[in-house]
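First comes one chain, alone, set out as structure tokens in the form predicted on its own.
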């Protein structure tokens, strides 16, 4: 009987303890995250590709630069813990962090910085933002933890430029393999990649800085808006930093399981125009298109009201932004007159190549309908990114396309002779050159305003709207960015609440 009583007591204690233990386990903070992404990156080397999806996976997570951009757009120390700037603004001396290792165990030092910057600015560089490094005159290793960068002329945005994904530091031994097997210094290491489905990052236990809370991060690629909604509702993904189905935002806002955070981006969404291809080489044709575009109708129809109308290539949240939306008011009769003056009284036919994002596919249908009203008939050609990048961006084989330019402070692209717009303006180039040499904030803002006005006067592109950042994630997730000052899904501060 005594033995039986002991057994009964143990059983009762086990019954009492088990639920409490199970409850504790059920509410323990998670250490993994599944992040939904609309686009899959073509590869994982941010120093050798333009698509934003590359940085959205690896920026700050896998790769790091001398500086890094914070959630508010501020410049923060990265692999450089500090720096000194000469009085003439042309010499930057970076003091590097010590004890930093790459994911393969090799040591990071000043030679890697020299290699990375020299590689990015080399004649045969494949860096999509090679212009960021054009102002560098020389890179000198002073010692293992000190690098001196000499500029050709003062550059007020140099430290910001060094925080771009295109400026991350890589090792010469592994640089050529970073597209498929990225080796960086960041708090996450590359794990695995199932093309067309998922990509995994795992915690870097040897990270030099503050350890991340997540043991594993999975990026799941879901391009279809309906599938994205289903995945969120089913719990198959924990978060979408850029949710592709804005029409469902009210539904998700009403669901207590989710946080819906509407922030801003650097994404100027434009009707990109081939400026040297007839008839778009005539400014009157481009101005006619600007007068035929109803920006708010595009925002309402394609983005369900999420977005800010723009009249130039500049983010409205920036203090130097000039509101030029009113320069080309909706004026169909005026647009038709401009076309007639340009020699196209009956309009013309052209092609509109649309990449996968919903803002492009949905927006393209609306733009085609709007331009049809002034006699411009557009043949819509849907293309995947694997076609858009080599065909449109590189070969410039297009009439019109729609894309969101998400790089920060990128108005300078209009000064590039080989950029896919094929725009050429001596006045604009002179303004950008002066801007790059100016360090005073007020003077820089004035030059930025001048640059905005020049490209709007020339109607280089159809400036439509600033892309909103519609973030949707599990209500227990902390640390995801509200805004997108750079194209990134920075997971370094992400954690789950208990």
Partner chain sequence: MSAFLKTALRNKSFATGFVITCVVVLMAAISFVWTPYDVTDLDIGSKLKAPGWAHWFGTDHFGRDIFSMIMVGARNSIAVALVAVIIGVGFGVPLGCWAAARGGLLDEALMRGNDVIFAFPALLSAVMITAVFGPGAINAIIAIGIFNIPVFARLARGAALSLWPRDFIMAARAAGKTKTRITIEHIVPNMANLLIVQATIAFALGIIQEAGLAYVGLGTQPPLPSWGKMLNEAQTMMSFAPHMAIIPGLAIVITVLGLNLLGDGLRDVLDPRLTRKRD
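Please read these numbers as outputs of a predicted model, since none were measured by experiment. Residue numbers count along the first chain shown, from 1.
One more form of this protein, predicted in complex with its partner chain, exists but is not displayed; see below.
Undergrad: Which residue, 373, 195, 72, 253, has a heavy atom that falls within 4.5 Å of its partner chain in the model of the complex?
TA: If I apply the 4.5 Å criterion carefully, the residue I get is 373.
Undergrad: Can you pick the one in 362, 220, 405, 189 that has a heavy atom within 4.5 Å of its partner chain in the model of the complex?
TA: Of the candidates 362, 220, 405, 189, 362 is the one lying within 4.5 Å of its partner chain in the model of the complex.
Undergrad: Can you check whether residue 350 is within 4.5 Å of its partner chain in the model of the complex, heavy atom basis?
TA: Taking the distances in the model of the complex, the answer for residue 350 is no, it never comes within 4.5 Å of its partner chain.
Undergrad: Taking any heavy atom pair closer than or equal to 4.5 Å as contact, tell me whether residue 247 reaches its partner chain in the model of the complex.
TA: Looking in the model of the complex, residue contacts with its partner chain include residue 247, since a heavy atom lies within 4.5 Å.
Undergrad: Is residue 76 one of the residues lying within 4.5 Å of its partner chain in the model of the complex, judged by heavy atom distances?
TA: No, residue 76 is distant from the partner.
Undergrad: Indicate whether residue 226 is a 4.5 Å heavy atom neighbour of its partner chain in the model of the complex.
TA: Because a heavy atom of residue 226 falls inside 4.5 Å of its partner chain in the model of the complex, the answer is yes.
Undergrad: Can you say which of 379 to 387, 143 to 151, 257 to 265, 314 to 322 gets within 4.5 Å of its partner chain in the model of the complex, counting heavy atoms only?
TA: Checking each option against the 4.5 Å cut-off leaves 379 to 387.
Undergrad: Of 291 to 318, which residues get within 4.5 Å of its partner chain in the model of the complex if you count heavy atoms?
TA: Heavy-atom contacts to its partner chain in the model of the complex: 297, 300, 301, 304.
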